[in-house]
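Read on for two forms of one protein chain; each stands alone as structure tokens, with the labels structure 1 and structure 2.
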Structure 1
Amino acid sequence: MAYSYRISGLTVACDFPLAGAVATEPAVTPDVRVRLADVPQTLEGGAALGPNWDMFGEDFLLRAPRLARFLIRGGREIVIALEDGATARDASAYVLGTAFGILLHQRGALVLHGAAVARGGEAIAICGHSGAGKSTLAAALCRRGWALVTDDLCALSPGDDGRPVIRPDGRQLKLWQEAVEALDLGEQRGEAVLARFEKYFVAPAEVATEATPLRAIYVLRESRPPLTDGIEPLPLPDAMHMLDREAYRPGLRLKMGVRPELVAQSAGMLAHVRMFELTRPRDLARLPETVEALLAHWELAAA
């Protein structure tokens, strides 16, 4: 039995259910297939090697110790070999995270590590390092009437008018229990993302269903001395550097792409999208202040 999903605008057929992804009607010819099968330990003649990955031609082999090996092929297929004692449910997080991020890089998308929400036919992306609070801020905005476009992976591609668009990702938010409680989302909380961790899938009240033009990117940072709360625009050279840094697995992106092409891709996007640094306290009790500041800034920026 194949399970069907739409992830980052791509139709996906999978041998097993993907935890946290929203099932859809099957496609006659899916864009991506995810299946369980044998996968080699290494790639013969690997052109590039890392501590837990090999790359050769259109093939990328990712090794997750004690979990699985993932062979990502040409942006079309993810083949998974589970290690002893591991389950397909355990592998889901890698499929929807690193493995799919690599697949999107293979397809030439500009992939940001962030969440995105939309209102009024336009989207903003919220970026930052792991644990910066991207999903929590996105969830708070959804509580204020925004629609969730994507969480964790923002795959950008040119729309018909040249402006970059984000395609709906078809997955739920992932929130720590303290964020679930602070946002009063207990009724929308689902199963745990991984066993032994108090991080849960949370269904947003509203989700985007169409590709949405990206208007702005907000990069989160914590307000610790000498930094103070506020939102500041990034000049183009700084925005280019920041965009590089906020790409999903930026080191792998550089290994997989040609530097001039990546620079041109980023410059083309920033011709249409403004980028800001959002400095705020890492304190859930003060999250409403951050939401109000962002909403006020957005109203001015969108005017």
Structure 2
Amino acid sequence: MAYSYRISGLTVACDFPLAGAVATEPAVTPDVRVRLADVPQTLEGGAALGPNWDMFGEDFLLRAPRLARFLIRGGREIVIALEDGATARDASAYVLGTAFGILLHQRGALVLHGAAVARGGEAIAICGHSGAGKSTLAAALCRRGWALVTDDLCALSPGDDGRPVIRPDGRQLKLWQEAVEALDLGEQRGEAVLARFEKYFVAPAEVATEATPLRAIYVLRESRPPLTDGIEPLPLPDAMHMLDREAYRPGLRLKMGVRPELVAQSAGMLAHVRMFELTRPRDLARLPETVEALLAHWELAAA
């Protein structure tokens, strides 16, 4: 029995239910297969490129401690071997996170490390490193009537008019308990994303189901001196540079080899998108100020 999903525009068939993903109708020929099977400890002939991962040709092997080994092949398949005591349910968090991020890289997608939310048919992406507060800010905007497009992997592709579109990642928000409490989302809180961790699925009130044009990218920064609170536009050359830095695992993208046509494609897309640095305190108690500033900025830009 296969479980079917639509993730970042790709149809996915999986041997087991993916926790936190929204099930869809099965595709005749799924783009991506996810299955449980044996996976070697290392890649034969592969250069060991990381402390817990190897890459060889179209194969990428990732070892997640005490959880599973993930063999990600040619952008089409994720094979999972569970370590002793781990369950397929535990592996879901990695399938939807790191493993799918690597798979999207293998397919040459431009993937931002960010959450995306939409209103009035247009989306904004909120980028930043792990722990920067992307999902928390996205959740706060969802409380204000925005629709969730993606949680932390934001794959861009060119739309019909050349503007980039974001395809929904078909999953719920993931929030740490402190953020759940700060946003008063206790009643929407679902299961733990992964056993032993105080991070939970939270179902947003509204979810985007269609590809949504991306209008702006906000890069989160903490307002530590000499930086002060505010939203500043980035000039195009800086934005190009910033886009590389805010990609999902940019170092990996480089090691996989960045194809020239993709660089040209991202430059073309960026011409349609405005990029801003959003500098604000990381303090959860001051999140409402950030939300107000962002909403005002959006209204102003729309006017």
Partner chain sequence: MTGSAAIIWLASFPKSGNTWFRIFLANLAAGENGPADINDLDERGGIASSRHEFEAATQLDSGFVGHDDIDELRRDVYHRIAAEVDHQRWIKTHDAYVMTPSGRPMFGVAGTRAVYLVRDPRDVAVSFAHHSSTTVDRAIELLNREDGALCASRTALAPQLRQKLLGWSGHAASWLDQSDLPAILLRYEDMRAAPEARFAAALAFAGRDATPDEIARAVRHADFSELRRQESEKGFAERMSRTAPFFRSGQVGGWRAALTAEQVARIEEAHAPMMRRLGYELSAPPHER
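Structure 1 provides the reference sequence; residues are numbered from 1 along it. In this text, the rigid core denotes the largest set of C-alpha atoms whose superposition between the two forms falls within 1.5 Å. These numbers were taken from a predicted model, which means no experiment stands behind them.
Only structure 2 of the pair represents the form predicted together with its partner chain. The two forms, fitted on the rigid core, differ between the two structures by less than 2 Å at the CA of Ala37. On a core-based overlay, Gln265 has a Cα shift of 3.8 Å between the two structures.
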